[in-house]
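A single chain comes next, written as structure tokens; it is the form predicted alone.
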Amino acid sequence: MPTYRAWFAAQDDPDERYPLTEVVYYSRSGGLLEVQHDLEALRQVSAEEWKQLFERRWMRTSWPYGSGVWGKKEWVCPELDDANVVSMFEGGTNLFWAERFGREIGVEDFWIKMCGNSHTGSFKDLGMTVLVSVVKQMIGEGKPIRAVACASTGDTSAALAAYGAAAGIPTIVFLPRGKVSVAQLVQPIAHGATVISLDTDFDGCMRIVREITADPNNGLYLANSLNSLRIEGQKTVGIEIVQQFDWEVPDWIVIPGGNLGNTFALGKGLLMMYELGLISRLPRIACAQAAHANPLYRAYRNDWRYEPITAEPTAASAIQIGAPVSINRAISTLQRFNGVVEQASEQELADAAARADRTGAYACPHTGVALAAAIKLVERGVISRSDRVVVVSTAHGLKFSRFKVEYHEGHLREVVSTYANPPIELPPDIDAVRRVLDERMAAAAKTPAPPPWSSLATPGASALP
């Protein structure tokens, strides 16, 4: 095979380049850097050969290619020594046909990409495996890195702490006090990270970590998604989705957006497939934001003119961000993909997550935002009822059990729990139990049964069990 290369390049000047193992985050003009690949070298392998290679590696045990990220190493970080890869078999997550939920909203070909079925329970593992692996190589080359640091609303800190622990690299995380779930808080604590809880929001934490990592004397390496090494791992989710549909492109991909690196990353992976001939068309992308933290949605409604905001509290805490660092990259991506932006109120996101749960999913509140946005786009006719739609679920619902409990207890702010299902408390009396069960079974009998499988058109047969 040819020799493959990748490097950091300034977005405003592609001739300004840096090795991926250099401690650098911004261009000389202050803009973000982007990882670029030698596409001419990659084109020396045909599209069909790339597909065959990726299929041979898919979920295998040959190190490090069984990982959904490192199975596409030539497209991610080709010059990394395999010995420095820090992987926990991330990626390769279930593309779940949400058949019952889709039927409820009138879209039979409806899917959920379960990125939360990962080592630390979120899609952040996809990017962190790349960043920590490169840091391991940098330390091996003598770079003066003492620790890796990030600001986080929860999931980034969990991923960084876990991968840092596996690599033996110290990690420092800055969290907004009282604004992350207990499950998210305990993960970096358990992995031995230095956890600093600041009396501010995520944007305030982000300002601190950017300032402290900007001083080279501190020896702290920045791990947030403005560091494009993270993007290289996260971009594989779009590639995976297409691969799981036997290399067919869905019509829509709906993704929740906070700091917006995920929107940019999704588009980047799909564009790479398009440029290398693995696909012949691009899907449309919908970015979903909580109404309490919706700077991208406001920009979209204002001819893409962006102004940062102060995000308000939302159940979708991981995307409670008012000044997203990847705003410009996300806007460019959405424009390229004929994309749209939708928002979801607290009521809408909570009910959407509850509806999905009642059909077998276990949706985090951020996935609830994306599901609510998809429902609204279907109802308005933006998404056609005959379209193939994929919602990216960014985290596992178990990380947000308090959100679930408060919904079913009727205690969520700004939410009337339409689909609440609290436990029924009864005395230990068999007659009382029989009465309740009879009532429940009678109510269930009145609910129309789903049509048999044989009467359903089979969407994407290759992805079905």
Ligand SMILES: Cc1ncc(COP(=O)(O)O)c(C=O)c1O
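A quick note: this is a predicted structure, and the numbers were derived from the prediction, not measured. From 1 onward, residues are counted along the sequence shown.
Here the subject shifts to the form predicted in complex with the ligand, a form of this protein not shown in this document.
- Item | Heavy atom within 4.5 Å of the ligand in the predicted complex - residue from Gln187, Asn294, Ser228, Asn262 | The option sitting close enough to the partner is Asn262.
- Item | Selected contact from Ser133, Thr314, Thr153, Thr120, since only one has a non-hydrogen atom within 4.5 angstroms of the ligand in the predicted complex | Contact with the ligand in the predicted complex is made by Thr153 alone.
- Just one stretch in 187 to 195, 158 to 166, 93 to 101, 251 to 259 has heavy atoms within 4.5 Å of the ligand in the predicted complex, so which one is it? Every other range fails; the passing one is 251 to 259.
- Message: When the contact criterion is heavy atoms within 4.5 Å, does Leu126 count as touching the ligand in the predicted complex?
- Response: Result no; Leu126 lies far from the ligand in the predicted complex.
- Task: May I ask you to check whether Val391 falls inside a 4.5 Å heavy atom distance of the ligand in the predicted complex?
- Result: No - in the predicted complex, heavy atoms of Val391 and the ligand never come within 4.5 Å of each other.
- Any of the heavy atoms of Ile319 lying within 4.5 Å of the ligand in the predicted complex? Heavy-atom contact with the ligand at 4.5 Å: present for Ile319.
- Close approach of Ala374 to the ligand in the predicted complex, 4.5 Å, heavy atom: It does not: once the ligand is placed as it appears in the predicted complex, Ala374 has no heavy atom within 4.5 Å of it.
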